[in-house]
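Read the single chain below, which is given as structure tokens and is the form predicted on its own.
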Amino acid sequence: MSHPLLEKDLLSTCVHCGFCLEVCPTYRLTGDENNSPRGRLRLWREEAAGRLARDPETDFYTSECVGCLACEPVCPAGVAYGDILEQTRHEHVSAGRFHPKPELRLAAQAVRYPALFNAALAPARALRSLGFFPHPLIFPGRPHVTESTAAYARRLMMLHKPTGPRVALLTGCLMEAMFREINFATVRVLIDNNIQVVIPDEQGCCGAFHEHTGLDGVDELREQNRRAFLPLAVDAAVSNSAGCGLALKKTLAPDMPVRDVLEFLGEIGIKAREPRGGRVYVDLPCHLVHGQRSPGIPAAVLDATGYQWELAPCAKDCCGSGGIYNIQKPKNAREILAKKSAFLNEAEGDPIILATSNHVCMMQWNSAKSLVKRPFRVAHVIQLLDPNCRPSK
């Protein structure tokens, strides 16, 4: 038993019950059991035990996995599929069995240097702030081009002086560099609800990007965030991105509680907005409900938006974004999204808003505008709580 996954006994816990098949997006797409958690686990176990030689089919089926983690909650044996997938991806990349796209390798290096990454994407923020959205994955928004979330939070803290719970906000790499209007809205909503906001100065990428790609650097990024967050006297660290929140929980637990910002707001109570027109369909990010094992976005928080809302059909099913899956496997991702977004063609309401709580899911949903025959807009739920930040059409 020389293979690390065998030594940890991670690969032998699957009891082959098949509960994972019906929730797996790639199995539902292809009907191929090798393209399911049960099939992949069998391939990985046989290979680790030396009963199966390294094979291009194993590499292919590993790369096909979205990483949505929907298999974990339904597994009666408690298979730690996400941990196994993360280690296997890393092994395959290190051994040259899988090659992340060059732009992803470049991005993985860039996010290790937040200041440079933010500066490099300043032109993209400027284009978005002027109303130009040059790619289907780039959703409308008006980010501040030069002021950082940390500077903005300090300014609002001095102005409003909230006295309630104190939280440390993870600003994220892509969120801060490209979509920081969501961070600004998060700061406003927190302070408006009398919550003190601290932005750790030395924080970095949460490491989720490297987990998804299988590239090196996860441990170093986690250690950087431990140094940035753990010395702070706060009630919790909060994240406005489900995938980043899961990665931060892996980093800080059990030394500091990590909460999804909407979950946190639901627990302390939140100011309600005036009733608004239109209808909101809420989609739940995989890494919130499957990864963090959250029941979802609290109903009290959704009620507080002032909109009529309901969960989107199949709200707990993956939209196909999968961190970087829609870049690595665009055809699969688009097929998954096409089925999931079809309801919008007949959905009630005018205007229609598709709301979620993860910026990568927002990117994927924005690309559905070429699939859906009627107009809709994409928003983060935190934006719907913010009277100063209305999602653009």
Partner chain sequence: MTPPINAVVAALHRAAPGSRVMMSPAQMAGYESDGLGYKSFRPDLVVIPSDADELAQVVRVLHDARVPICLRGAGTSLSGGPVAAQGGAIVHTSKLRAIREISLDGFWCEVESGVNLRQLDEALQPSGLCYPPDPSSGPVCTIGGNVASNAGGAHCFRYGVTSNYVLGLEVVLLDGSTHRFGGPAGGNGPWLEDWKRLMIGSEGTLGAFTRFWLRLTPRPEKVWTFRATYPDLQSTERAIHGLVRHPAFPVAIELMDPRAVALVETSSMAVGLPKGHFLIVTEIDGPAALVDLRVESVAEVLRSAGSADVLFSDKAEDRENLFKARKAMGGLLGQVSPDFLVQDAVIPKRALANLLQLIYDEADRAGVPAVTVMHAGDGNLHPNFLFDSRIPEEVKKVEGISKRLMQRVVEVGGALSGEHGIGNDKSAYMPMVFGPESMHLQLAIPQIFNPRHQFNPMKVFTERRFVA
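Numbering follows the first chain given and starts at 1. All values derive from a computational prediction rather than experimental measurement.
Just so you know, the form predicted together with its partner chain exists too; it's not on screen, but the next bit is about it.
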(request) Give a yes or no on whether each residue among Val15, Glu33 and Thr58 has a heavy atom within 4.5 Å of its partner chain in the model of the complex. (result) yes
(message) With the partner left out here, check for me: in the model of the complex, does some heavy atom of His359 sit within 4.5 Å of its partner chain?
(response) no
(message) I'd like to check something about Val372: if you look in the model of the complex, is any of its heavy atoms closer than or equal to 4.5 Å to a heavy atom of its partner chain?
(response) no
(message) I'd like to know whether Lys331 contacts its partner chain in the model of the complex, with contact meaning heavy atoms within 4.5 angstroms.
(response) no
(message) Is it the case that Leu52, even though its partner is missing from this view, gets within 4.5 Å of its partner chain in the model of the complex, heavy atoms only?
(response) yes
(message) At 4.5 Å between heavy atoms, only one of the stretches 364-372, 320-328, 33-41, 350-358 reaches its partner chain in the model of the complex; which one is it?
(response) 33-41
(request) Name the single residue among Gly78, Gly164, Gly269, Pro295 that comes within 4.5 Å of its partner chain in the model of the complex, judging by heavy atoms. (result) Gly78
